[in-house]
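Just the one chain here, laid out as structure tokens, in the form predicted alone.
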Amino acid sequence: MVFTDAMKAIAKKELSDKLKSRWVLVIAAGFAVFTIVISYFGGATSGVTGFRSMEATIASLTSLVTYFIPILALTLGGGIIADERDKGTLDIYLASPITVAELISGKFLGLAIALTISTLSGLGIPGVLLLINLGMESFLSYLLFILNSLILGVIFLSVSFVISVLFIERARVIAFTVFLWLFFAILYDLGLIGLLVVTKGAVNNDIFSALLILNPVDVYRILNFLSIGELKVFLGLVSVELPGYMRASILWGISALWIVLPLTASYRLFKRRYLV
């Protein structure tokens, strides 16, 4: 990708707006607090408190991230076109010599940097505390966890741009954002568990695993389990044995598609809607 001056200017403005509104600071602080609390009290249900092994900590933090980051990323980018329309700046963009690709890419890049800064701060600062207590041998596992969390955030930011182009009214943006979050974070896995119940476990493990990777949240969950050496992924009370093809390289490739395809779709939809 060629980073044009227009793209850089748009990205800089989006990042600057988030920094000025203290969005990055508030999210990073809240994320850091949640991370420390869950890391320390994650075993409280078993009557144990304190920093446990990195494997147990990452398993607990994965649940936090699967709920927190998707809704955060969806709301961050979901109203981006509606905001420009309400402020009257969308027509200015359309009348200027800026291509649609520069507009979409610039806004996406700026918001992705803001999301990355808040996520790195929210997970990185508590990570130092965890490594001090658990030892530097856990560094690689935690680093992979942060990387996977960043990728999950960028995936849902990309999905949010499709929402932003599809729905101009803010009420519809909010409604569809909440629906998508519920679908990917909760309903999809409930549907898979229901499939196992209805078929009485007759679904082939390879087919079931293939269904898992259609959900970016499950891809993220599997990546984290693989990073700590766990070959099973848990969906509620169901444990699924991961097949041999479930390797990190393949899952990262699928994650890349989850970023590129929605962003491409938002580009094409924007051109069809506003440049006819």
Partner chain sequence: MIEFKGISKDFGDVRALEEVSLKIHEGEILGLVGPNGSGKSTLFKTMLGIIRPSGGSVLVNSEELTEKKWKDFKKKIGYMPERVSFYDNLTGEETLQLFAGVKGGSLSVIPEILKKVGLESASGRKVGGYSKGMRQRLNFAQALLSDPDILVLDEPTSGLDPVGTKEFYNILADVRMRKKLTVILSSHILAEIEDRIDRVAIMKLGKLTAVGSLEELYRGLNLPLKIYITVKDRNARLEDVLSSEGAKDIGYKDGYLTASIQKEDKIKILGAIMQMKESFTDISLREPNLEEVFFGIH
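Residue numbers count along the first chain shown, from 1. No experiment lies behind these values; they were computed from the predicted model shown.
In what follows, reference is made to the form predicted together with its partner chain, a form of this protein that is not presented.
Of the candidates A9, V260, I254, L25, A9 is the one whose heavy atoms come within 4.5 Å of its partner chain in the predicted complex; the others do not. I92 is the sole member of I132, V203, L190, I92 with a non-hydrogen atom within 4.5 Å of its partner chain in the predicted complex. Contact annotation for the candidate site: I98, E102 and Y274 all lie close to its partner chain in the predicted complex (heavy atom within 4.5 Å). Put simply, K13 is close to its partner chain in the predicted complex: some heavy atom of it is within 4.5 Å. Residues with any non-hydrogen atom within 4.5 angstroms of its partner chain in the predicted complex fall in just one of 172 to 180, 154 to 162, 81 to 89, 124 to 132: 81 to 89.
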